[in-house]
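Have a look below at one chain only, the form predicted on its own, in structure tokens format.
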């Protein structure tokens, strides 16, 4: 009998896949059966919505990073305070005093996300700047503080309200939490100026101060996991906060980590699973037992990966809200989803709410288009697993649990009608197989010609396909 290990770790024999992962640290399979089961369930969901939201949305700037004293493209300060770092940081932190998202309506978000076909959500409970979008007992830098105008609103605890709204719609709930906190004086100690994204003192020289930070981090995570209902995923960011032994000098950004920044993930994970049995812990980029799935950012791997993974990507160009931002076309998002799922991954798509507390109208429009496509083709996405050859030109493949195979034809930019025939080389149906275009009533005629499946498309379907952007052919039986 096959173990649970093999039921969710993809056994890929592609030489390309093996080569792509030679340089990576090995994925460690969790030894807790409840965690394994939760990962399996999460892998069936395929499509999640991510929300980066905080006071930074008022300026329309990148989340948190403009207060980081690094000379990188995404950290550049802009505006009237930009010439002096400390003046800028003070003005940024004073955004708390103006943050009043009066249009915040998480039920509206959850309804739109459900219609779009999303199945799980992850909200930024705290980003690197330290501002809490929930009612933390351990800081006054939070949305429920008397210093924040929104604190009088009955929905002021954004984390609680959002989680409850999405939970009511049947979503799995994830909480984004930043391990570094650039507002906390036991991380960026005011005695020293901050130098970069890292802690600004040597924890080995000042162990008591670092212990204060470890306790602060543990306590904040515990209140989220004990006071906010059922939580399925603890999504931790800020991978430079890690034990020194895990730093890989071959990775460019990890070369700049100067200190051991161990926050004791074993203790955090054990606590989390006492409160939330089966909790998935995603300690991003810190390969080991607390990275239960991996998260390539703003990219899709070229080949399938032999472990649980999720591409996290923005719907627009920025993680946080930017007025007039350019949103990806619905067809592009759908093609990305199909490509990711065919390679065995999940797709976590980010929408940044505005300073008034709503999504951009363009985001709602995209979600409606995606939902229309998912209503027709969801069977080829949800609950599937990858199947060789994964992708053949513009056709991606997924396999259902009954072993039927979906061949998903990605339409070209100008392609709004189906071709008269669709040819597939990599899949071999049995003689008794039926082929159906999802969204159409009748089975299609097909034949084998020169080693290829030739699917014949009736004229009526050519002119009026059941959806836009991509079409799914379900092959009932394959060799």
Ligand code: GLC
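Values in this document were obtained by computation on a predicted structure and should not be read as measured data. Positions refer to the first chain, counted from 1.
Although not depicted, the form predicted together with ligand GLC is the subject of the following passage.
The closest heavy atom approach of residue 322 to ligand GLC in the model of the complex falls outside 4.5 Å. At a distance threshold of 4.5 angstroms between non-hydrogen atoms, residue 50 is in contact with ligand GLC in the model of the complex. Shown alone here, residue 129 lies farther than 4.5 Å from ligand GLC in the model of the complex, counting heavy atoms only. Proximity of residue 140 to ligand GLC in the model of the complex: non-hydrogen atoms within 4.5 Å are absent; the residue sits far from the partner. Note on the partner interface in the model of the complex: the residue among 271, 281, 312, 173 having a heavy atom within 4.5 angstroms of ligand GLC is 312. Of the candidates 347, 373, 235, 210, 235 is the one whose heavy atoms come within 4.5 Å of ligand GLC in the model of the complex; the others do not. Looking at 58-66, 24-32, 409-417, 443-451, the stretch with residues near ligand GLC in the model of the complex, meaning non-hydrogen atoms within 4.5 angstroms, turns out to be 58-66.
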